[in-house]
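Consider the single chain below, provided in structure tokens and representing the form predicted on its own.
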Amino acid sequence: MTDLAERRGMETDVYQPAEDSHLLAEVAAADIRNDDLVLEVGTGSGYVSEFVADATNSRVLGSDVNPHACENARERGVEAVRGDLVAPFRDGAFDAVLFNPPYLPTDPDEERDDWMERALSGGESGREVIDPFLDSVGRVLAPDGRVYLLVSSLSGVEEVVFRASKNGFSVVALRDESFPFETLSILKLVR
């Protein structure tokens, strides 16, 4: 693991906050109400959950498939549950769900089998985690629930909007930020 960490120049077990994390945290915190019960799927380090909880005084739970991420999030004071997407949670439980998904299109022949790869790789299309999330997130939303989803131009924003619409969501882009190789957007999904 040390060699991999040196090659990547970063922690290899848990996704650490980057531009995408900051963007999601700021935009979601500005829109979330103080009494909301919030779930952050793919919490990673717990940065977004902690930021939103501190900014809004709402209760924010984090979930991740990565046990190291859950441990990291708990160290930040985040209530973290190990689970795949929204599977561990009951129907209608959350007022808001946040997700900074793995979205980088990745050639299957070049994927590594480690936790960082799972945090970054969206498969060939960049949407191999986003699509199942969109297909299942509606189940855990309260009647007026909202989803705050970070998407990249690399993974096809139009395709994500289409999939969300197919699942009964109306979609509005709350903010876009351009970077040298991609544009990141925060989409708000409502039913």
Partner chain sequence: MDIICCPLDKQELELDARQEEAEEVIFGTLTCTQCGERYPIEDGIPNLLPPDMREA
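What you see is a predicted model; the values in this text were computed from it and never measured. Positions refer to the first chain, counted from 1.
Form predicted in complex with the partner chain: not shown, discussed below.
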| property | result |
| --- | --- |
| Partner-facing stretch of 127 to 135, 157 to 165, 143 to 151, 60 to 68, counted where any non-hydrogen atom is within 4.5 angstroms of the partner chain in the predicted bound form | 60 to 68 |
| Contact test in the predicted bound form: residue 80 vs the partner chain, heavy atoms, 4.5 Å | yes |
| 4.5 Å heavy atom contact, residue 37 and the partner chain in the predicted bound form | yes |
| Residue 139: touches the partner chain in the predicted bound form, heavy atom cutoff 4.5 angstroms | yes |
| Residue contact check: residue 94 to the partner chain in the predicted bound form, 4.5 Å heavy atom | yes |
| The partner chain in the predicted bound form - contacting residues of 71 to 92, heavy atom within 4.5 Å | 71, 74, 80, 81, 82, 83, 84, 87, 88, 89, 90 |
